[in-house]
Every structure is written in C-alpha cells, then in structure tokens.
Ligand code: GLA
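Starting off, we have a lone chain in the form predicted alone, written out as structure tokens.
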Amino acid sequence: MRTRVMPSPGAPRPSLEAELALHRAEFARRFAGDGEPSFFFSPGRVNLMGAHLDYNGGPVMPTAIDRGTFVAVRARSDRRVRMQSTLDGRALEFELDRVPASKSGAWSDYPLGVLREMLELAELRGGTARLAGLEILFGGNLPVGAGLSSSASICVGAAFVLDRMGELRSERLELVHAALRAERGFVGVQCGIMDPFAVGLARPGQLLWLDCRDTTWSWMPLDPRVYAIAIADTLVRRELAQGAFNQRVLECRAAFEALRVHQPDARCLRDVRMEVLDAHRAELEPVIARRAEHVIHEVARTFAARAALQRHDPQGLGIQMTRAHGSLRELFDVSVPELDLLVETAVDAPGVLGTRLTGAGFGGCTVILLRRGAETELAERLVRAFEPRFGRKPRVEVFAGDAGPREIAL
C-alpha cells in the first residue's frame, strides 16, 4: 500500500478554486471540443455521534467537511453521455435513450444510478428532453473508502449537477432522496439516510441533528474558532467491507424482528428498551444480542451528546464519542487494530475532547474533537505511536465545515 504522508496541520492548503482549476485542465485534456464546462463541488461528511444508527431509525450528529467531489460538466448537442473520473481509468459512455440498466461494479455505478433517478424525475415533470447529452469529469480531494462518505458526496453532487444542467429546479430534499435511492436500489448498499442528508443539508460551523426515524432535523453550532475536527486516516481501505456492512444491517433487522414481539410499540430497533433486550437476550443468538445492545446504548449516548452541546459542554460530547468507540469495538465488531491505536493515542493527547472511528468501520478513519491549538501535537503523537507498529504514517488532517453542494465560478 502506498503511504501518503500528511502535511503539517498548520500548512496552507490549495484553495478549492485552485484545485478546481487543475480539474478544469484535466477536463480539457480528456474532452476535446468547444465550450467551457461548469464546475461544481459536493462535500463529504464526518459523523461525530450515532454510529450505525441511521439504518436503525436512531439519531445521528454528522457535519459536512471541506473535502469532497469535484465535477466538471459540459452539455453536448446530442444525447450521448460520457463519464470519466480522475480516480479511475475506466470511462462510461452511452446514449440517454439506452441508459445501462445494471451495475458494473465500477465507480460509475454511483452517478449512473443517480442519472436514472433524475431521468425518472424529469419524465414525471414532462421535461425529459431538457436532459441532453453531457460530458462529465468527476474527481476530488476526498479519500475513497476512508469512511468520509465519498459515495454520498458523489451521489448528491451528481443529483445537484444533473438538476442544474436539466433545469429541473428540484428542492434540495428531492436531490437527497434521489441520491439515496440510487445508492440503495442501483448500487445495492443498504445504507441509512444520514450520509446524503449530511451532504445535502450542510451548513458550515454546524452539526446536523437528524432523527432517522421521522427525518426531522435541526442544526447545532460548534464554534470553529474554538474547536477543531481532525481526521486520522489509517489508510486501511474498505473496498471489501460492503458485504460486512450489509451483514450488520441484516443482524440489526433480525434483532428488531425478534424483540418487537415483546415490545409491540417499537417501530425500529432504536425504540427497543434495554430492559426488553435484557429480559429476552437468551432467545437471541449472541451476536444478534450484541448488535442490539450497541444500538440501544448508542441511542442513549447520542441524546446525551446533544444535551451536552445544548448546555455548551463540548467536552460532554467528546466523552460520548470515546464511549461509542468502545461499543463499536466490543459489541458491533467493526473496528480494526489501526483504528483502536489511533483512538487510544488521541484520547490521552492534550486538548482532545473525544474520538472514535467514523463511518462504517472496518478501516478508514477516526474522528477527533479537540481544542484549537492542539492540532500539531496531536498529529505528532499519532504518527509516533502508529508508524513503528504498522510501518506507515497515518494521514492526519484538520477539516473545516462546508456549505454543501454548489456551483463554483472559476
């Protein structure tokens, strides 16, 4: 595995406009022809609380980050679509009248699934003809497979781009749901609603409080002048983890089906009370009981984290984050040694309020909530602990918030 060494947390990063200018040059190299493309950005997200709760109807607390998907797109005079990515050499070309009906296992499954959804939406509005041919180049600065929701970033971003290019004027939630349907139905990942909501409803300097049972949401401030969110990347990629994630979904579903008999008012696993699980644990397979125990306790931790923020106590949020990691390791079995070491090291570093793995697990990243000014020492501690054991340096970066999918003029 090729190791990428982090820059110093205080080192300047290229501006988004500068990175998109490089993307423009790559578009010109790949797609000959006249006419300037349009440029769009769609952020990734990191989830601070509510691990594996979205598909169990629970509350979550994600925030969008200033890394994500770049899209350069130019309209064609015919109905041919050409998709390429700077991250993969495989291209996809087809006519809008003959859109591929099945997935191929490539990166293009994600925007292709979104295109199919947007074509249906356009047809319902009587405007299919407005979606003409396109040349699209995807890219970005968000690590793929790191647990920062590159899939939702590309799906929500693709929906936003296609909506703009087709002049469909969809509401933001319509685009969020189109992205969700594409990932679930076409790509086949049984994800919850958190990731596309976190990307599509992003506000800088805010955590999104999203109740995945009734899809109500609000924003909770976290002052970026005082607190920072760092990501430590193990560089363990999760390309083969989709099956393990889907297995967790099935295990949680099995737990709910078994326990709802004893609690008829429960609408999802989030609703099941701990005393019900304790009373009927012997009726469940041990692994199913552990999954249910994680979900029930994580719901309580996430409400406790929100209460801490409401009383202006980010340290209380951090405590719940660290407790969540222990549960993900012991009860949900989605951590790996690299993640555990990063958490154990970070939690003892000055200025750190809390940390846990983020995303589905099985590799990827940890998220760290810390006070401003502690970033450099944190990064140095993580590298010193990690490199001797695993033979590579973790990538540690401090992220800012983001305003969500948008067009950017260059």
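Position 1 is the first residue in the sequence shown; the rest follow in order. This structure is a prediction, so every number in the text was calculated from the model and none was measured.
Missing here is the form predicted in complex with this ligand; even so, the following discussion is about that form.
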query	finding
Contact residue in the predicted complex, chosen from L370, A360, V343, M61 - any heavy atom within 4.5 Å of this ligand	A360
Option touching this ligand, based on a heavy atom within 4.5 Å in the predicted complex, out of Y227, F94, W107, F245	F245
Heavy atom of G364 within 4.5 Å of this ligand in the predicted complex	no
G192 within 4.5 Å of this ligand in the predicted complex, heavy atoms	yes
Contact test in the predicted complex: G50 vs this ligand, heavy atoms, 4.5 Å	yes
Partner proximity in the predicted complex: F70 to this ligand, non-hydrogen atom cutoff 4.5 Å	no
Contact stretch among 193-201, 158-166, 315-323, 107-115 - heavy atom within 4.5 Å of this ligand in the predicted complex	193-201
